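Same protein, same chain, two forms; see structure 1 and structure 2 below, as structure tokens.
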Structure 1
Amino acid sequence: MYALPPPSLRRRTLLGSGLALAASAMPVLAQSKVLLRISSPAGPDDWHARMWTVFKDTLEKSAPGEFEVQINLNASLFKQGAEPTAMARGNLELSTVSAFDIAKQVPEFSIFTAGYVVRDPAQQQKIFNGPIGAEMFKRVQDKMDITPLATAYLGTRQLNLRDTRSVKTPADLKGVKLRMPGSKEWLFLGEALGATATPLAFGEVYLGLKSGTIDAQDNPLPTVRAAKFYEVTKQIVLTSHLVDSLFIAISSKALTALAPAQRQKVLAAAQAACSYNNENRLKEEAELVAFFKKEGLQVSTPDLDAFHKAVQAAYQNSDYAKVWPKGLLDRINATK
């Protein structure tokens, strides 16, 4: 037999054992939460950044204590464009991917980077929330190992002219030096609009408009205000030639690891986040028309049907359309 230690020592031993047991349990408790790391290139004031807070808050309400959501903005976790690969490898759970990002690996998705394919934000949501979206997202899943969950409205690109002119059809843009990003896809769109597409770095656009090196530029209205292009232009033509999208996507590996109920909660949180973004971005764009008019710019709307027909014809007669699934453009056009 052996003697028991003094009561004081026994209390200290029991206390130490209890602390050790609690400490050993802490990692288990921490690991019981599902880690969801988010990488975004957006700055904190962008609606595309703020929507991630909505995602986090929605998930916390629907699944309290089940997830640990870490939001990383300003490309602090992964640089812009690197997110799809990181998600495919399982190094990142969530991010936004653009149609241009997807088209690099899923060429048929390039139909959504072409002018006048998506008419407006309302049709955008109907397309991606319906059978077309389901089919195209399945292609993304199969080829990229990521799963799109919801569609965020990125903005509608409009024309911004240095001098006023009557613009009703693409023919009215003949000879207009329209600044476009330097890739062949963007330059093709500029030519399809009827203008003379002119490549120029974004940082040089303000001076180019001021000096007359270019006659026009195209961007969503919030960009026109942020870059102060309204100071060196006199007209905005609401061509609405490209309704752009961002897709909240999750790593397919991360999605598969979730319980069915958790998957539904993550999906609902992504949809709530996109709804928040879409509502606020549309409101901002609507308010900007009045802002530009107040600044003295003429705001006009051309014959959108004429632009739509001309630009789609240009794409259909090009190599770009050869990779589009047969009949897809007609189905998109028929989506009301």
Structure 2
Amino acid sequence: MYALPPPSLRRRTLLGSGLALAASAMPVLAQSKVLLRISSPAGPDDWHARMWTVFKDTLEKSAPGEFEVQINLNASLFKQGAEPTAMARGNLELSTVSAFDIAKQVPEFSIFTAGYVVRDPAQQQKIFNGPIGAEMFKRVQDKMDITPLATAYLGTRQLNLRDTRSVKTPADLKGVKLRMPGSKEWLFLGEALGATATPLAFGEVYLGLKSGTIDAQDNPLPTVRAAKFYEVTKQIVLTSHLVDSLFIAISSKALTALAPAQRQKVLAAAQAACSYNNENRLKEEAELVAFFKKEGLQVSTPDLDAFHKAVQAAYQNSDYAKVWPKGLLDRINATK
């Protein structure tokens, strides 16, 4: 697991100036709880929403009475994608950030937004808990003023269609209005899959599918269940195009203001939350095809080779690949 915040932060906070020391003493002097506000677009029934309760409970056990953890779901505090800026400004302490959120400010992180790069959840954990993760998270810290603490497996993204159709290759998705979250990195992925990508916030997807303003959405199966998208769709195509990650991140300002022992406890709570999410999500992901079939959905597997080739070619020929650090793709591929 990711043991400690990367060295640049440790230098600034643990070995740093009197300012850091004064800041770390603040919560005790004030005799008040440290406020940790969390914002997430997830609905309460998804594992990466429930994991925040594990975070809160773990912290309450390791540091009784020291923290006030406020969990805000359904994008009720900040809209989806606005969390990193809010954390950098000190208006929010914690959230989950995606590779897509990061790539907006750290373009080389787009390697993790590319379809069919990360192979499976086990490899994902090895990548982000090893040297690649440490290097890439340092770039995030330096540029974004947030500190990634632990990596949650959001699941493997699949296509979910409002009406049934035969989908074997990307060409079969021509003209399909595929909802993607709202950023150019997400839209690129949707287009690489062969569809017509259209941006929409997560909270509007259910109604978009119901009313027919969109034809399809992509998300991991546990989210299709938790957000009840299966009620308003007829087909799942198991493209498995993205082994998706969410990083629990904390505002670096907030982290710096904590006493060293508190930092460790927050880190341990984030790791416990991710472990809870990862275990439950993996287990559920394995069971859900049967559940969706029972609910009357058609579940099909396309020509995965055709999808791999088309998506990988789209990225290799794009500007995204130009800024990927030299050799990183090979190092990712070699991570077993």
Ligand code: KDO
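Computed from a prediction, not measured in an experiment: that's the story for all the values here. Each form is matched to the other, and the largest set of C-alpha atoms that superpose within 1.5 Å is called the rigid core. By convention here, residues take numbers in order along the sequence of structure 1, the first being 1.
K.L.:
Mark the structure, either 1 or 2, that is the form predicted together with the named molecule.
P.N.:
It is the second structure that is the form predicted together with the named molecule.
K.L.:
Look at Trp52 and decide if its Cα position differs by 2 Å or more between structures 1 and 2 after superposing on the rigid core.
P.N.:
No; Trp52 is a residue whose C-alpha shifts by less than 2 Å between structures 1 and 2 when the cores are overlaid.
K.L.:
Gly133: after superposing the rigid core, is there a C-alpha shift of 2 Å or more between structures 1 and 2?
P.N.:
Shift at Gly133: below 2 Å after core fit.
K.L.:
C-alpha of Pro302: shift of 2 angstroms or more between structures 1 and 2, rigid core aligned?
P.N.:
Yes, the C-alpha moves 2 Å or more.
K.L.:
So, with the core fitted, how far does Arg225 move at its Cα between structures 1 and 2, in angstrom?
P.N.:
Its C-alpha position differs by 5.5 Å.
K.L.:
Quick one: CA shift at Ser318 between structures 1 and 2, core fit, Å?
P.N.:
Here Ser318 registers a C-alpha shift of 3.6 Å.
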